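The chain that follows stands alone, in the form predicted alone, written as structure tokens.
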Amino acid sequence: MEPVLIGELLAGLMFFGIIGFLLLGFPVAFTLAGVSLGFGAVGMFFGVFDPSNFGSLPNRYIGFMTNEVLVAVPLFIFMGVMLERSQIAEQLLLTMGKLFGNLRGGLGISVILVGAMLAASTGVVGATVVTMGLISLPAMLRAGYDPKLATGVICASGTLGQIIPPSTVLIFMGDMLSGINSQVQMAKGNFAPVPVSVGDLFAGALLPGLLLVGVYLAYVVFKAITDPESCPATPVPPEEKKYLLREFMVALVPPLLLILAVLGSILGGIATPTEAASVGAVGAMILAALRWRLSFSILHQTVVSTATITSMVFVILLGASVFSVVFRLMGGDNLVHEFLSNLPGGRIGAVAVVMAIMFLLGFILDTFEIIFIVIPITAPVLLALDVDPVWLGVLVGVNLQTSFLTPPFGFALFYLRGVAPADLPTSAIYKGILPFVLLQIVAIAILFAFPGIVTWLPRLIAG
């Protein structure tokens, strides 16, 4: 057999081997690195892989550590965890619940709107789902909400932080697509390509994020009209209405100012994502201090949580780097290029197939695991086919938001199950997310059919 064919065969087997080991429950980062090293050894035996290629890994790791853009990741995580500790989410949920309580489906509407607000100010999915599960789920169940609708709304709204900026997923994708796009354009003879930045992805994701919020709200309104018993109104006592406006302003204005300071500075070109993230981190501490929630204990908990989440993500990134080196240098790039280039439908068909593969991987892998594995493999081919990098990045972001909702490894389901009442069956949570997964697919189809929803705002900002 030809060495090229052996290399491509090993690259394909390695990809499926990693999926198999992950299904067995092995840690992701070590599975990526360990299986890749094993297949690299097999490739050495057949003469299709040179072990000296591993010499590039230290430079890659140093590049990650010195990458100024990626410094924004721990800063945004710190901001999100600090805001969660300051109980801003609780105040928002309680106030919005009162504001919309007189409407059928009002509690569901308030959860979606608060989920969008928290997504734009924290971006930490786990903290958002747990907070809304602890506060809103008991209230919705007491009000007579269908448990499936209540759990579905909470899970779906909690995952909005994956696509609404500032999203850590978009930061990593922006950095990856920027480098890949530069390499692809230079290979095509364009030595002055238009750069792709994290700010472009933030701008591109803003309208799709609002589209998802609108789709969720439309579904709750539809349920309120067609099945009013599933989401009854919860009237507010007259004595509580007196101070509702003041409570609303106190709950809404501080996080709104923080969102404007962070996203406004990025989209307006005033600050880089890293600079804006530092402003957000300081702003979160100021808001916590104003609420008398800033103490050494809370600061310590926030720092530990930030370090834990950041370390988890970057260790996966290091393992994915080993996979990328072995896969590409054994001919996996050529295998993927031939597969995607020969699909019917050209670049649109290729993007559709990659989206379908990512959607299926979302059932068994986490968001970061998927982007670190799939983006380096498929993005060079798709960008070489003249796919817009910003559109591709946002489309992937919306697609992978679904991975938090799809069983068996949907983390939003685990988070909610952990705080839901013991008498609420797990089957209700799983059934509750099904309509929202379908709504996600509808949103992806809309973005697929109308790319301008993604590309209009970045182009407007760029002038």
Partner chain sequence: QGNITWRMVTTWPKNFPGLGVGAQRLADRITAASGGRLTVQVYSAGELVPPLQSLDAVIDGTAEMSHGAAYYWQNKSPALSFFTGVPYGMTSRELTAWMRYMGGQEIWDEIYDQFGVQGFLSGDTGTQAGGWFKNELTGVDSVKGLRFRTPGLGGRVWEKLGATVTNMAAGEIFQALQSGTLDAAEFVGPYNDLALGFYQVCKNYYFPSFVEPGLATELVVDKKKYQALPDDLQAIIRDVSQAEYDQVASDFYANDPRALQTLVNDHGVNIRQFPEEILKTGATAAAEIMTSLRESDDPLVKKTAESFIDAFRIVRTRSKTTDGAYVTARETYFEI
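Numbering follows the first chain given and starts at 1. Note that this is a predicted model, so its numbers are computed, not measured.
One more form of this protein should be noted, the form predicted in complex with its partner chain, which is absent from this view; the next part is about it.
- Only one listed stretch (214-222, 151-159, 185-193, 244-252) carries heavy atoms within 4.5 Å of its partner chain in the predicted bound form, and that stretch is 185-193.
- Taking a 4.5 Å heavy atom cutoff to its partner chain in the predicted bound form, the contact residue among 234, 95, 230, 197 is 197.
- Judged against its partner chain in the predicted bound form with a 4.5 angstroms heavy atom cut-off, the residues 53, 59 and 272 are in contact without exception.
- Although the partner is absent here, residue 335 sits far enough away that none of its heavy atoms falls within 4.5 Å of its partner chain in the predicted bound form.
- Using a 4.5 angstroms threshold between heavy atoms, residue 5 stays clear of its partner chain in the predicted bound form.
- Using a 4.5 angstroms limit between non-hydrogen atoms, residue 328 touches its partner chain in the predicted bound form.
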